[in-house]
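For this one, two forms of the same chain are given in structure tokens, first as structure 1 and then as structure 2.
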Structure 1
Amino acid sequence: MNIVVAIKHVPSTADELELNDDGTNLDFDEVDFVLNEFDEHAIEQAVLVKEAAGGEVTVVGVDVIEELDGVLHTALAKGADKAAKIVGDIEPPINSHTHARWLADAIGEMGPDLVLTGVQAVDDLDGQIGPMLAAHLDMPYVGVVTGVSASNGSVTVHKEYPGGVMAEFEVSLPAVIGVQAAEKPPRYAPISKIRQMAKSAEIEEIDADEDFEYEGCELRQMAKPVSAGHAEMLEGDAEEVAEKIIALLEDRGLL
């Protein structure tokens, strides 16, 4: 089975995020880029399917500000077989329509049986890459998936609905699946193995069609949250604190 995983490199939310001088987006020179957490689950699910049903896993992403190699080496260390990156004069931010089109152009040439991607990315939370990939590739799509198993030209997927309701679908291949969580936690890749991949693995380069332009939504302004005040700490023993709470409630007309 030919399995392709579409990934996205996103700004790390573990660090303090700095805005650019215009306040229209992040200062991308001051942020670290990491693998989107949902895509990490997509990689794990792809490797699980390969281990169960056989095949080959290729990971592909758009090379934003030339920092994608480390992520691809990590994916190879986790069990992927091949890696590819879409290259060009690419600067963030990239809107979802352009991102999906570039990925679809590259993936279409790979002839995949199964395409996996994270259900959404932490930098936009719009969940559109998977559905648009499916539209460009003319394949069915199922999202918010928490498990995939393959057999006889189809996959069985477990999809989660609001309220924790689960459903099972049998999907004919080829298909695109949006992974919310893999059946198992993403496996750990030792640093030594990642370094080995960095020395020995080849990453295929695919030129982006930079003539394709889709403006998408325009982000006009970003701002950091403004502190509206601070918590008032009530001091004293239990009886004193209880009296203060009652006084506050009475003062606000709640008692």
Structure 2
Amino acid sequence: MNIVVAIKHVPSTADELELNDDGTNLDFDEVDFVLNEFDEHAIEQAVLVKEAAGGEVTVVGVDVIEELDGVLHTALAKGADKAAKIVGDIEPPINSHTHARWLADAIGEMGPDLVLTGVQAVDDLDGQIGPMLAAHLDMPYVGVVTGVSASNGSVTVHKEYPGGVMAEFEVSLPAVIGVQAAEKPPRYAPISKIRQMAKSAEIEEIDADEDFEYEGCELRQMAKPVSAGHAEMLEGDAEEVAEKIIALLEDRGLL
């Protein structure tokens, strides 16, 4: 089975996010990029399907800040077989519609049986790429999936609803699946193996169709959310904070 994983390199939300001068987007020179956390699950799920049903896994992403190689080497070290990156005169932000169009162009050429991608990403302002890929590739889509198993010509997937309820679907291939969580926690790739991949692996380069432009949304402003309230901050060192918390609980009869 030919499995393709579409990934997205996204700003890390672990650090403080700096805004650009006119307050319309992030200051992309100041943010770190990381692999979208749900794509990590998509990669794991792809490798699990390959291990169970055989086949080949190709990981492909847009090289938004020319730092995708490390992500791709890690994916290869985890068991992916091939890696490709979409390159060109690219600068962030690249919106989801553009991501999806470029990825669909590349993936269409790969003739996949199964396309896996993370169910969402932190920067999906104009929508998630999984359903967009499905629309471009004219394949069915099921998202918010936590398990995929393949058997001749179809996959069985579990889609999550609130409260731990799941629906099981059978989906004819080729199809696009939006992965929420892999059946098992993503495996760890030893540094030595990633280094080895960095030395030996070949990453295919695919040219982005730079003429494509999506101007669906005019981004007027970006700012830290104005919240109705803010927590009252408990000052002091850990001991003092602990005492204050305990005092709060005692006041309310919770201890």
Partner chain sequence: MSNDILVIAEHLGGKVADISYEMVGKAKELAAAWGGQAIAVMLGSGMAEQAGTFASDATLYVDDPALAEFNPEAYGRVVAALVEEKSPRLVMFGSTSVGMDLAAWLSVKKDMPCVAYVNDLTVEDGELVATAQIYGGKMAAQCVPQGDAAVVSVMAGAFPADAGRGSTAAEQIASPADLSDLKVRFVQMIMPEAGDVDITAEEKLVAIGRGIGSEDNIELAQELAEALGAELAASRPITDAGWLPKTRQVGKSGVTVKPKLYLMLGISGAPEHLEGMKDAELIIAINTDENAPIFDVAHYGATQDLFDVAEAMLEALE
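In this text the structure is predicted, and so the values were computed from the model without any measurement. Counting starts at 1 with the first residue of structure 1 and goes up one by one along its sequence. Take the two forms, find the largest set of C-alpha atoms that superpose within 1.5 Å, and that set is the rigid core.
Between the two chain copies, the one drawn from the form predicted together with the partner chain is structure 2.
Relative to the superposed core, Ala167 undergoes a C-alpha shift smaller than 2 Å between the two structures. Asp126: CA moves 2 Å or more between the two structures after rigid-core fitting. For Lys224, a C-alpha deviation of 2 angstroms or more is recorded between the two structures after rigid-core alignment.
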